[in-house]
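In the block that follows, a single chain appears as structure tokens, in the form predicted on its own.
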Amino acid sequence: MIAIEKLRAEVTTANVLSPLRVLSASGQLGYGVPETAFNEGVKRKPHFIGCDMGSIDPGPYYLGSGQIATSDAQTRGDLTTVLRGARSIDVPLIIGTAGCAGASPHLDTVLAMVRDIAREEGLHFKLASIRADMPRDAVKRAIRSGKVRPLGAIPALTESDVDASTQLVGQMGIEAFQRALNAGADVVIAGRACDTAVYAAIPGMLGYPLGPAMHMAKIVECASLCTTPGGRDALLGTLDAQGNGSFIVDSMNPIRNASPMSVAAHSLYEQGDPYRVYEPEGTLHVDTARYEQLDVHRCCISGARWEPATQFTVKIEGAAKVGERALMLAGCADPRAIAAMKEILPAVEKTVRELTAKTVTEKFEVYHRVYGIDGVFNWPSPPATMPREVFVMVEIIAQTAAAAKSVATVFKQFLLHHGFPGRISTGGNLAFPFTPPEVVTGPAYRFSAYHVMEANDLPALFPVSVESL
């Protein structure tokens, strides 16, 4: 009997579904799994274990480069922990967005680790993998048919954007995970996926109401982040099918308590709309949700509604290389220099461009950020009172690393000695945190796709492969 059918038999009695226990092992695998809380969760005998591995939060570099965001050693350790835990109680393990960004290079890296761990640990199971790389011809056809729209105030996607993307992925929903489980998988490792799909696919297969199931998935996907004080410890969600459905959240760390306020606040996490969560297969409505304190540690949630989509959609993400990056880093505590920094930096840039015109023949871009004044946000006006010290970061992007470093080096020297009104000293207006103050960071990427595409054939976009280990 395959894992999903075994689970169906376990939770079904006389056509009535018993409460389903779901263990969220980690908000993002690869950053460490607190083992005391995880082991406590395993002791509660969850029906399956889930964990997400990725996010778009780290920016376009990891997607574009194909590199995983976490260290190999930590990632391998976390994978070992959750694999051991799931196999010790013989329950499915579901992992989404492998290797941070979920493209084939990330998925292949994680799959190789899992195969090594299985061999070293003597673990045997059926492993399903799900690719999330978007067929580029299909995306281009969708663009030509007007079936792709931007997410937010960004330009429309073009066919040249598709061609420029080093990696192009789509976010799968519950459908792909359900196909993998129906194919007999004990462990599912997916490319780019909706966080909720990791936790809602199995409840949806078993017949639990999708409103509470999706809402539970939304809450538990970051483990104990929905508690006070928020943390990364394992979180147990218990889904009840009775009535219109409800679920209980219970952190496996006793110092973290779920309250109506902390759980409701997490319903808004990463959402532009506080009342609706849009998924490939439909929309979760949480405006009717109710939050009830069960005791000091646990909260019960009910009332969310699920609206199936009349048109499936897939969020697509792409990253394209824009060049090589170098940084010039410095601090400043000279009040006169700080007050004049808005004028100093463009003036230095002008000088640098003139001086490097013959030696750096390729095009390059320069970006200035002054942390303490406008490093995080481009404020329309300076602060009423200038800070006593600031940190200056000058970013150079060129086609080659040598060119980027050359510009950064010249910029450093002329910024160090730039004359400005009121200057007292010809040097010492900057402090370098280390030497050299120019840092070559490697390839720079931009998001080339952050759009939603209509899709009629989800299985064609997210192929499943199954192997026995």
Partner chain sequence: MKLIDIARVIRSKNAGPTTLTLDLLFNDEAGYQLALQSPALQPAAIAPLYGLRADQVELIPYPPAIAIKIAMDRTIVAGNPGDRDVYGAQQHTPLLELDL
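Under this definition, the rigid core comprises the largest set of C-alpha atoms superposing within 1.5 Å between the forms. The shown structure was predicted, so the numbers you read here are calculated from the model rather than taken from an experiment. Numbering follows the first chain given and starts at 1.
Another form, the form predicted together with its partner chain, is not on view; read the next lines as being about it.
Stretch 442-450 is the answer when you ask which of 6-14, 456-464, 442-450, 19-27 has residues with heavy atoms within 4.5 Å of its partner chain in the model of the complex.
Not displayed here, its partner chain is kept clear of Val162 by more than 4.5 Å at the level of heavy atoms in the model of the complex.
Among residues of the shown chain, Ser267 is one whose heavy atoms approach its partner chain to within 4.5 Å in the model of the complex. Interface residue remark: His297 is not counted as part of the site for its partner chain in the model of the complex, having no heavy atom within 4.5 Å. Within this chain, Thr359 is remote from the site of its partner chain in the model of the complex, having no heavy atom within 4.5 Å. If you check its partner chain in the model of the complex, you find a heavy atom from every one of Gly272, Gly375 and Ile397 within 4.5 Å.
Residue in contact with its partner chain in the model of the complex (any heavy atom within 4.5 Å), chosen from Val322, Cys222, Ala241, Val277: Val322. Of the candidates Val42, Leu430, Ile68, Ile56, Ile56 is the one whose heavy atoms come within 4.5 Å of its partner chain in the model of the complex; the others do not. In the model of the complex, its partner chain lies within 4.5 angstroms of at least one heavy atom of each of the following residues of 141-159: Leu151, Gly152, Ala153, Ile154, in sequence order. Gly323 is not among the residues whose C-alpha shifts by 2 Å or more between the shown form and the other one once the rigid core is aligned; its shift stays under 2 Å. Relative to the superposed core, Gly372 shifts its CA atom by 2 Å or more between the shown form and the other one.
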